[in-house]
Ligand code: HEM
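One chain comes next, on its own, written out as structure tokens in the form predicted on its own.
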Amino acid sequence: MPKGLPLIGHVLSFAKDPSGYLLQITKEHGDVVNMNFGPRGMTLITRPSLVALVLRDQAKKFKKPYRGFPALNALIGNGLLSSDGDFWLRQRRLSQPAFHREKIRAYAETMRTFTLRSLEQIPTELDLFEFLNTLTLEIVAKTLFNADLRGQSNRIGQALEEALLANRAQMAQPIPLPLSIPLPGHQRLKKAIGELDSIVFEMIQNERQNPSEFSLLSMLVAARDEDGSAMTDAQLRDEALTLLLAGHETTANALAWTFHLLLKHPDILAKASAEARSILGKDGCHLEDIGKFPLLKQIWQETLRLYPPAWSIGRTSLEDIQIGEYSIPKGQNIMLSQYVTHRNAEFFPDPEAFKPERWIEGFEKSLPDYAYFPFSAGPRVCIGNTFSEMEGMILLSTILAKVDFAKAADYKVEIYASLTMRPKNGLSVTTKSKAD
């Protein structure tokens, strides 16, 4: 076990730089490390074969951590991301039809048209991360909830930002303080959640009064239990808010890190732009174009390796379990980290380097199971992974074909790891639209 401080253990070291600290202790202590978070013990597991045991082979012996952080619980309630057991399975089954491959393919046109619309009057200087967040939020609202959030996206983005800041602050607390304590951060969080609730409940009310066809929200509103009861507005709120957050935050983060890596490697950026430009016309990326970008596909996979938006996974053991040569007691908190596992030099030589060329045909199949799992894996694999990958390729190719980017003078990027992994300080860039 790494050395820690009396009483609070490793909490402060972890809170200061969560992803960096996990990577450091793995290098120093191996791929199974016990950490002391004050009263909260934690075992970090990063060996692929053991990750497979937790997420797949013995998945039923683990649960999502119920206690979690109060800020996160207040934000997403009992949605797909946080729920467990039979309730989670029911909600997953109800939501799954909206993410069927053929259904997702129908979303491609919205993704393309919304991207082109956003590029029509793109500023010459902007925060590219904020731009991507707004775009992906409007796309997920339209495709999954048939809602037009233009004019409200900044309001939602600011509220989600406040919630993520509160969650990160609670990572530094050995015992996360309840939200009933009137701290300034808690008050800001409650206000932010109130903002989000008003928007989401309005969406639900509109759906009840004017049912739409085939949207996820329409499916959830129409769903009935065996006894004929419908989901309450509170249940609908939790699912809608979870998917609004996860459905745009992960793709926006992945795209932001992609552009960050490309800006750090101008030679690769030039080749990527040329590939997109050679294939796409002025109308952007259509569904049939998605498979025509071998370099962009490699860039996307390498970005998800280095900066997986969902960078860690938590579980709690339901019984005493033997994981390989390690004994895990009942009630033990487990942490898995894609960010760390993806940097294993045994599977990814020169692991810190950005090398899209490593993803030659057949490379991913040559990896052991769970050496690469950017969207989690097992029964709880991300329900929106296909949605995110298609959206990522449509937005990335369309933007690269139509706009040139360069770092602004104040460009400075750091990792900010909370619920997701995002670029701290945004991406300050200059832009120049390409002639059609």
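Residue numbers run from 1 along the displayed sequence. The structure presented is a predicted model; accordingly, all values stated were derived computationally and were not measured.
Although not depicted, the form predicted together with ligand HEM is the subject of the following passage.
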{"property": "Sole residue of K407, R56, H29, K64 within 4.5 Å of ligand HEM in the model of the complex, by heavy atom", "result": "K64"}
{"property": "Option touching ligand HEM, based on a heavy atom within 4.5 Å in the model of the complex, out of A272, L128, A166, L144", "result": "L144"}
{"property": "Ligand HEM contact at R380 in the model of the complex, heavy atom, 4.5 Å", "result": "yes"}
{"property": "R315 within 4.5 Å of ligand HEM in the model of the complex, heavy atoms", "result": "yes"}
{"property": "Heavy atom of F99 within 4.5 Å of ligand HEM in the model of the complex", "result": "yes"}
{"property": "4.5 angstroms heavy atom contact with ligand HEM in the model of the complex for S376", "result": "yes"}
{"property": "Options 394 to 402, 29 to 37, 381 to 389, 46 to 54; stretch whose heavy atom lies within 4.5 Å of ligand HEM in the model of the complex", "result": "381 to 389"}
{"property": "Ligand HEM in the model of the complex reached by all of W88, L243 and L304, non-hydrogen atom within 4.5 Å", "result": "yes"}
{"property": "Ligand HEM in the model of the complex - contacting residues of 325 to 343, heavy atom within 4.5 Å", "result": "Q338"}
